[in-house]
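Encoded as structure tokens, the following chain is the form predicted alone, with no partner shown.
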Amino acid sequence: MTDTQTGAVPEGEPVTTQLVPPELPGIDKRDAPSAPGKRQSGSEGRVLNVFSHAFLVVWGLLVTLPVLWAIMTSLKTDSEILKSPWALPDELKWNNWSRAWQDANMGDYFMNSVIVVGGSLVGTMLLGAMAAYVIARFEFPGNRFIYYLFISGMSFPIILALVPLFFVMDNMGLLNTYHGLILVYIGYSLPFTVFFLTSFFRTLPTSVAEAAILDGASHTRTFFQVMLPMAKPGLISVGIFNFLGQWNQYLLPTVLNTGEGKQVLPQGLVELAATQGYDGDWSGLFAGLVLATLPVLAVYIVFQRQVQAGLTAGALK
């Protein structure tokens, strides 16, 4: 330590030297340029951020504007649709929806879809979750073969199976029946369900299942009371995907469900488009389209957080 007045070093203390770089006159440290690597990476990040946000905005407009336009058009008169298709309606015609629901039999088509999709969704989720849990948690001969057999079902085009499927269901007496179409929907949705839930069950901790087994719980009780509630985000996510696919399915019911009075909503929309197009009832056609779309929008709006949680849960664990 030095004396501040004389600069002398007291006796008994070590002499330390500190090298201070000389300051160049006329240069302010605040004016020194930053590192070129950091400046370049920061600018690239901002450009990428702006580009991604702009892409998301454009994508959102492309998705929402047609839906809003269809809802707006369903509340117009036929003359307003033809004269000014992009203008707002002068008066909201809510009777278009009631007319499409009753006169165009959209209510019957809607209830048929609820019966078929409801039954097939319950069966798909139950059977798919059980199969995925066994494949993911138990090692046995043929485990990988069964798993890859389900995976191969995802790559098989359904159009190639329509003809043999038609004759099989005809021989079993399942054509033009609710339960026949439900069984076909279950078989159609099982491969993706097993593939999705197998990966999800593998991310769940094994210690919880082992603790339940040690406490005396059977494998069935462990699955239904312990593991299945833990897989709730994945179940909701794949359930919504199955609901969307089965609700909008048109090819299978067109071939396998041609009975009068048992047609589902996609079949009804095609028939409505044909009849209303000839009649010039464009307001009724758009009203039926909106009635068929509203359940899908409602399901996604209600469960959107669960869908995001289910899709990201496997990556975060």
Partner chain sequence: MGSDFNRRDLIKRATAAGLVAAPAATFLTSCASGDDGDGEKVEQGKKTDKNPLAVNESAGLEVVIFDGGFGDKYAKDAEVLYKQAYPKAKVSHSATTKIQTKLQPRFNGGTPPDLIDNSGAEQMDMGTLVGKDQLMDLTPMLDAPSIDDPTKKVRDTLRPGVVEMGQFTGKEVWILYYAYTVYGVWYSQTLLDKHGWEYPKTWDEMLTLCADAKKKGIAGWTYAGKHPYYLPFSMYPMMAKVGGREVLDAIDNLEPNAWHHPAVKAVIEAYYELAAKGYILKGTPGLDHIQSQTKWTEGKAIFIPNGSWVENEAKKTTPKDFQMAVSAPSGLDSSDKMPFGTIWASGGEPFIVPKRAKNPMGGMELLRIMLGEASSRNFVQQVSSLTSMNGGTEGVTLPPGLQSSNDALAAAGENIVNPRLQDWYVALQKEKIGIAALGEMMAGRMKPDECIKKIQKFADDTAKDDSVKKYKHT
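These numbers come from a predicted model, not from an experiment. Residue numbers count along the first chain shown, from 1.
Below, we refer to the form predicted together with its partner chain, which is not included among the displayed structures.
Three-residue candidate spot Trp94, Met230 and Ser237; no residue lies within 4.5 angstroms of its partner chain in the predicted complex by any non-hydrogen atom. Its partner chain in the predicted complex is not approached by Val226, whose heavy atoms all lie more than 4.5 angstroms from it. When contacts are judged by a 4.5 Å heavy atom cut-off, Met172 counts as touching its partner chain in the predicted complex. With a 4.5 Å cutoff on heavy atoms, Ala212 does not count as touching its partner chain in the predicted complex; it lies far away.
Not displayed here, its partner chain is approached by Ile146 to within 4.5 Å at the level of heavy atoms in the predicted complex. In the predicted complex, its partner chain lies within 4.5 angstroms of at least one heavy atom of each of the following residues of 229-261: Thr254, Val255, Thr258, Glu260, in sequence order.
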